[in-house]
Every structure is written in structure tokens, then in C-alpha cells.
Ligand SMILES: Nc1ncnc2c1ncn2[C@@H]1O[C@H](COP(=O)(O)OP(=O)(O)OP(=O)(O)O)[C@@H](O)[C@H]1O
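Below, in C-alpha cells: the form predicted on its own, a single chain.
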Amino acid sequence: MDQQWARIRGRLKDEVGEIAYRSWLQPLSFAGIRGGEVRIVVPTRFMRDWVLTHYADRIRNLWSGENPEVQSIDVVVAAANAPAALAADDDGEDIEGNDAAPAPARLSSALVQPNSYTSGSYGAAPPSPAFSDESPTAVASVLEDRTDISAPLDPRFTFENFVVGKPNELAHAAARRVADATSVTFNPLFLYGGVGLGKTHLMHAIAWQIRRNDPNRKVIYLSAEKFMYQFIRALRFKDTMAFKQQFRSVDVLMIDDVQFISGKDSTQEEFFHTFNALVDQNRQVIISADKSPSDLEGMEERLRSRLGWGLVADIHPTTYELRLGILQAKADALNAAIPLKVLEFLAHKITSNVRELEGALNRIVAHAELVGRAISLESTQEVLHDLLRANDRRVTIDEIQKRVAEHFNIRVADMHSARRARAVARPRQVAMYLAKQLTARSLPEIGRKFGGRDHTTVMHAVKKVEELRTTDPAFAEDVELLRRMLES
């Protein structure tokens, strides 16, 4: 029997490949044969279900080829310390095992290891017998990590506190739909956008809403980095089956910043199989990243394809109106009296991301409380001088030249040329003016970027534009439009 089982395992390994074999078939053990039925033991219920679904027919066919008496197979879940050969069904008939097996034991409920561990909605995983060879300290450490597998949720990040605008309305609507749905709607839901635009806020909000609607649903929310960390620990302690069962038995799996596993082939392989297992079971998967699935470099093509299966919702950079709305909501939450002109100034000047915007507001409120000064435009500029300079530096002279040239329908090369025709000279002066207003470059530096002109030429351009803005409303409107476009 052992020789037959060894040949069958070798055939299976050749057919399914090394990775699938190690994950699903290597842990199988032959328990015995009775009445044309082969009994195979697996460590977990999840593994039993997977083997029955994907490999049972093939194993039966291979056994029949080796032994024509075999008509069926029975896959059972047994504890790690159960005897290799299980015997004595209810009718008292013996199971024929191998010679090296221990004395036949009765197959009782004590040997069956169902998925009996309990967990909360952000649940824990069971202890695994595979840790028995490790030191008690190592075992305790791993089990402690297991119980804290899901990242903590920020109570501020709820749907009620999420300010909706045109840049994020699709992502918000999709997140609400998934959070409130009683069945899987979009699988996976893939949210992507730049830093500080609200991806993590929406992820937390979904988890909070699911917990509120149905506390019994098992949800795991964690970063891709922590997923990789847990996988590495499972490999280290030879406990990959418990890892698989933990992640593949949830109702909702939420992975934040999935781009972190780019280039990490082993973690991608495991995540790919976890993703497929959950989707096959109609469990919800929610992913966030900084790029769309098709743009994730270092990801396997098959994984990128899976991530784009469901609904892909992007979060665009914020508009001025959305930034102002966020600031007003944040000011109300802080119960702070902040002049509207200060909020408008912040929304106008800090355009990179919402996180930086909220940080700026916290700074000026804290400064007012600690120093005892009323919040004003002047105090705001003083407190945030470093942040404002950093944002100013993000606009480059090259960008200004390109945007102004497009607006006035001239070539960028004309910005550096010696041409003095008004159709070219006036846009060039506007570009110099904006470079002075929106960057931290000195006058000589600006002059050099415009064909090596002297700093006095830049001073003249700035003065001329300021004069025209006061006398020509249409010109002033053009300049203001260009400023807004460059700062947005």
C-alpha cells in the first residue's frame, strides 16, 4: 500500500506542479483501505473541502489504476497526533493499513478536528500542533500575532465623516454598496488613488459598516505588508496550512496598499491562491492601491487580471471645492472658529493631499490654543511658512512655461527666444510673473530659465503684469485662471 501511495503522490506532483503539490497534496497521509474505499487524512477541514473539490476524482482514478479493487476515496480531518492508520467503522470491520502503522484505532469524534475555534468579527486563528517543536516563547509569540491579525480600525474613519465630491463620488458609492450589501456585488472592489486621497478612510468605513450591520461576519483588514509578514512567519514555523485556513475562511478580506507585494513572488503566489479561494466561495475581497491593476509594476499578469475582475474605482486629486468642504467639516469636528478666508487660503495653497491639508488645519488650531492668538490669515501664513514654501516649490518654471504657452497658443520655445512681438512678449511676461508668485526661485534664476535674461527684465515683467491686472479685467481673469490651473 505504501508503494502504491508513493507512486500516486509522484504522479500527482508531476501533474499539478511543485507549488500546488506542496500546498495541497504533500500534507495528505494514507490511513488505510477497507471494502474498496481508501481513507486519506488531512490536517484541516478547509484542506479536506479543497481536496474533495479539486483533486478527489484524480486521486481515485490513480488509485484504481494501481489497485483495481479501489472504487472510492474518503477524505477525513484528523488531529496532528492521530494515528496514521485509522480503523474500525461502526460495523466493526477492520481497515487494512500498512505494517508500520500503530495498532488500529477506532475512528471517533475525538480524532476529527473541525474548524471549531471561535473568533470575533476581526477574528483569531486556532493554535496549531505544528508549533509543538518550537520553544514555548516562540509559540506564545506566534499565537499572540495570530489573535491580532486584523489591523485596528480608526473610529474617525466612517462614512459619516467622509466628505464626498466629484473626485471621489464613484469610489464612495461603490464602498457604500459593498458595505451595505447582503450578497457579493462587486468582487473584488479595487480602490486606487494617490497618497492621502481617502483610500484608507473608505476601507475603514467599509469595515465599520459591515461590523455594524452584521457583527457575526468575519472580516480581516490589514495592509499588504502585514499579509506578507504573516505569510513569512507561517513559512518559518511550518504552519502554512493554518495560515491558509485563517485567510480563506473569512467572509470579507480587505488588503490595503497591495502594491507593497510587487516584486515579491512567493507572497504574490500565496495571495493569488487566497484570492481565488475566496472568490470561488463567493466571499468579498476589497483591495486598495496607489495605481490601477493594469499599472501595477512587478505584479504577475494573472494577478493583475484577477484584481481587475470586479469594479475598479479611482479617487482623483481633490478640487478646490472639495478641499474647502473637507476643511469646513474638519473645523466643525474640532469645534474651532476659523475665518472663512483662512479656510479658502488653505484650500487654495495646499493641493497635494487631504492628509497634509488636515495636518495644516490642526497646526493652526493648536497654535491658536497654545499661544492664545486668534486665527487670522497672517498667523496662518506665519505658522505654516515651511509647508507653504514646500507646496510652492512643487510648481516648476517648466510647468508654468508649458501651461502659459498652451493658454496663449504659442510654442514653449518662444519663452526662451529673443522675439519681442507682443503676441510672444506678453505671455512670456505672464510666465515670469507666475514664476515669481508660485515658486521660491530668485529673480536671476527665473531670468536664466527664460533664455538667460537679466533679473531686471523679470522685475519689469512682474511690474507690468501687476499694472495690467488692475486696468484690464479680461487680462486679470486670464492670469487668475492660469494660477488656479497651476495650483490645482
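Because the structure is a prediction, the values reported are computed rather than measured. Note that residue numbering begins at 1 and tracks the sequence as displayed.
The discussion below concerns the form predicted in complex with the ligand, not included here.
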query: Non-hydrogen atom contact K199 with the ligand in the model of the complex at 4.5 angstroms; finding: yes
query: Heavy atom of H54 within 4.5 Å of the ligand in the model of the complex; finding: yes
query: Touches the ligand in the model of the complex: V195 (any heavy atom, 4.5 Å); finding: yes
query: 4.5 Å heavy atom contact, F157 and the ligand in the model of the complex; finding: yes
query: 4.5 Å heavy atom contact with the ligand in the model of the complex for all of D398, K449 and E477; finding: no
query: Stretch in contact in the model of the complex with the ligand, which is absent here, among 181-189, 208-216, 350-358, 272-280 (heavy atoms within 4.5 Å); finding: 350-358
query: The single option of F408, F237, F162, F345 touching the ligand in the model of the complex, heavy atom within 4.5 Å; finding: F162
query: Sole residue of K226, H316, K330, K291 within 4.5 Å of the ligand in the model of the complex, by heavy atom; finding: K330
query: Sense of the change in Cα distance from R441 to S352 in the model of the complex - at least 3 Å versus the shown form; finding: closer
query: Direction of C-alpha distance change in the model of the complex, H54 to G310 (at least 3 Å); finding: farther
